[in-house]
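One chain is shown next in structure tokens, namely the form predicted on its own.
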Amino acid sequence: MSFQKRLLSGEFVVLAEMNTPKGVDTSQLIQNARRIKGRVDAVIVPDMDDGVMRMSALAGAVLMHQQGMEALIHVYCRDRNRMALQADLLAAYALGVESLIVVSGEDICNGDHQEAKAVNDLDELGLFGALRCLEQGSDLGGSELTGAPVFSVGCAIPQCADEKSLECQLELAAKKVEAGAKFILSPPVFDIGRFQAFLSKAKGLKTPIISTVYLLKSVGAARYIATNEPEAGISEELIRRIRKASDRERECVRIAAETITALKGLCQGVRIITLGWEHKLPDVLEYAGL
């Protein structure tokens, strides 16, 4: 069953995020994908996340399809003008990519090509408008298309520093839902109570929420997030648990799996982000009973 059909049926969906390589050697990407084939509903392929130049998400999605796996790709406006965005969207659909996630790209000044210039010809709502035009059979210039795509499009709510910021993001998410978003990716979940509070605020969107779970990887990673993003909800107790474990890597895997298990029944799915440790995805899925 496709991701779109599972989403419409109300079933719990499992998505794994996998980055494309910085180069043309795709062997590791394909190997990691094969190890989770049949255990996840789809793979999310980011498009140069963190402002780091990599192989395009579209190429990554096609590689997933060659392995018999469905793929969703990130689409945002930082690197392409409206013509290039529309061209890539048509190419994606022609190559079998029917599910997209409209997100805001990280500031390019934090990436590895700081001399590059951000484009931002459209904003996220403008991109949703472009998608709607394409689906209605024309481009943003008013020209008729020879065949129109039909996408399942989602959006994301980022980590918010305070309640006011969250309210602003929820209002923006409501506009994206009105513009065509069919699902919403949540901020990272480290505390189930905090996530339940988020859900109570987001229920007015009346749109499936897919939670986000990070594999923390180390005490240092957990401490960094706790220090720099206290709103994420990483507790001292969680950090101590990792620090005291005889096998810290395995403990991090278990924490991610326990979080996934706790999320079942609360939302309509989970996105698993391993922060470069895609080879650990089978272990996370195993511990989570997936």
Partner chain sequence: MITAERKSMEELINCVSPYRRLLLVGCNECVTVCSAGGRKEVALLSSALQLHFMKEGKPFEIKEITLERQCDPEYVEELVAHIDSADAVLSMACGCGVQEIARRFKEKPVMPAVNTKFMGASERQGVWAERCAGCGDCVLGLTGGVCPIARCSKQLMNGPCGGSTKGKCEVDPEIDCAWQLIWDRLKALGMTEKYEENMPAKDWRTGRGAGPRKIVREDLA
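Positions refer to the first chain, counted from 1. If you're wondering where the values come from, they're calculated on a predicted model, not measured in any experiment.
Although not depicted, the form predicted together with the partner chain is the subject of the following passage.
Self-check item: One stretch from 102-110, 199-207, 216-224, 185-193 that, in the predicted complex, holds residues within 4.5 Å of the partner chain by heavy atom
Solution: Every other range fails; the passing one is 102-110.
Self-check item: the partner chain contact at Asp121 in the predicted complex, heavy atom, 4.5 Å
Solution: Judged by the heavy-atom cut-off of 4.5 Å, Asp121 is in contact with the partner chain in the predicted complex.
Quiz item: Do Pro158 and the partner chain come within 4.5 Å of each other in the predicted complex, heavy atoms counted?
Solution: Pro158 belongs to the contact set for the partner chain.
Quiz prompt | 4.5 angstroms heavy atom contact with the partner chain in the predicted complex for Cys168 | solution = Yes, contact at 4.5 Å.
Quiz item: Does Leu145 make contact with the partner chain in the predicted complex, using a 4.5 Å heavy atom cut-off?
Solution: Output for Leu145 is no: heavy atoms all beyond 4.5 Å of the partner chain.
Quiz prompt | Heavy atom distance at most 4.5 Å to the partner chain in the predicted complex, all of Arg6, Asp25 and Val97 | solution = Looking in the predicted complex, the three residues Arg6, Asp25 and Val97 all stay beyond 4.5 Å of the partner chain (heavy atoms).
Exercise. Note which of Leu125, Leu90, Val177, Cys133 lies within 4.5 Å of the partner chain in the predicted complex, where distance is taken over heavy atoms; exactly one does.
Key: Contact check passes for Leu125.
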